[in-house]
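Next up: just one chain, as structure tokens, the form predicted alone.
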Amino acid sequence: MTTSINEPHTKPNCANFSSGPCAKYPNWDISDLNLDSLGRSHRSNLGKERLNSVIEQTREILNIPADYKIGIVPASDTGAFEMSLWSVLNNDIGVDVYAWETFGFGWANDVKNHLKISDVNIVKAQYGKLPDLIHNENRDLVFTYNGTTSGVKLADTNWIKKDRTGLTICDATSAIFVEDLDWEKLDITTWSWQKALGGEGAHGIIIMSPRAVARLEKEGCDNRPLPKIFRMTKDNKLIDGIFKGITINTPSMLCVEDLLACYRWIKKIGGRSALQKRSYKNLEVVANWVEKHDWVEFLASNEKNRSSTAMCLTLKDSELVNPLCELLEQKKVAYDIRAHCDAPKGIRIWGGPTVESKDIEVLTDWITWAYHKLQQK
């Protein structure tokens, strides 16, 4: 027997729940952007000042150690992570790749089949689970901190050893600004503006420890051919300008100004800790809703590993997923909440810090209404 539920009267103020590009911060307006740099060369003093401001504010907000390098690179998080893999991995040291969702599986494929690293160990888990986390300090380690397509995150990096020979290479694009990252455990970390903060796309950030820089500059690393946009060294020395606002290729200054507006918003609301609270509140709203209904559940089976940003859910009647998403879009209540095409059929709600918990609470009422309405057909 199905339950009849009245259509909700209230709609979310913002119906954008996509997991990338993500919602802009609340009350974002184009007038928030300083447009002085538009139409100017990114090599001008003004352009370099704006780009370097992104780097320095990133360091400040995320509390990144002073001796870590921060660079703005092309092609979003994918570009930043591929640059990392192709620049530092080599056949002198084995590589462990931990993967439990789409992007991790993709990095594993790159390491094994494209880079063709001779000694690679791929440790996989199915969607919704984590693999056993065992760190071999003598090998390089490649992993995704927060699985955007599975909703499964690391609870911490306590399993990674401080004293290690290998490098740790972390895709943190759905974790940055929300999770407590232990920089001592991370040698290369990447993320993208449009995922973490609802910034505009096409740019990535790469954060490198002194150990990673030493690997880059080390004599004897594989001298494989690299496209210009991937090259971080010249004559075995780091191209330091990349990490001072002199980008490898031409950036969009409009995107830069949009990110700087995001940073002003972050400081206004209380910094990174406020971002974490906002995202964790979003997870709390969804968890409380899921607990009340037996027809929806988290894909992540372990509560401590549930992502507060990419909240992936499965429905008891999975055949209702597509019509439910279509109905909510028709009602202008929720856009782009289908699960990733590689993941189990379900819905995915972005709960990053730019999303208001009140909007997610309203959304859950609409999902409940839509599910029961479709069951009656």
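Residues carry their position along the shown sequence, with the first being 1. Remember, it's a predicted structure, so these values are computed and weren't measured experimentally.
Note that the form predicted together with a small molecule isn't included here; everything after this is about it.
**Q** Contact between S76 and the small molecule in the predicted complex at 4.5 Å, heavy atoms?
**A** Yes, contact at 4.5 Å.
**Q** Is the gap between S84 and the small molecule in the predicted complex 4.5 Å or less for some heavy atom pair?
**A** S84: no contact with the small molecule in the predicted complex.
**Q** Check F103 for me: does it contact the small molecule in the predicted complex (non-hydrogen atoms, 4.5 angstroms)?
**A** Contact check for F103: yes, within 4.5 Å of the small molecule in the predicted complex.
**Q** Give a yes/no on whether K153 approaches the small molecule to within 4.5 Å in the predicted complex, heavy atoms considered.
**A** No, K153 is distant from the partner.
**Q** Please tell me which of S209, T157, N305, Q194 lies within 4.5 Å of the small molecule in the predicted complex, judged by heavy atoms.
**A** If I apply the 4.5 Å criterion carefully, the residue I get is Q194.
**Q** I need to confirm a contact call. Of W107, F230, Y127, F298, which residue comes within 4.5 Å of the small molecule in the predicted complex, counting heavy atoms only?
**A** None of the others qualify; the residue that does is W107.
**Q** Based on heavy atom distances of at most 4.5 Å to the small molecule in the predicted complex, which listed stretch, 280-288, 209-217, 142-150, 233-241, is the contact stretch?
**A** This holds for exactly one stretch, 142-150.
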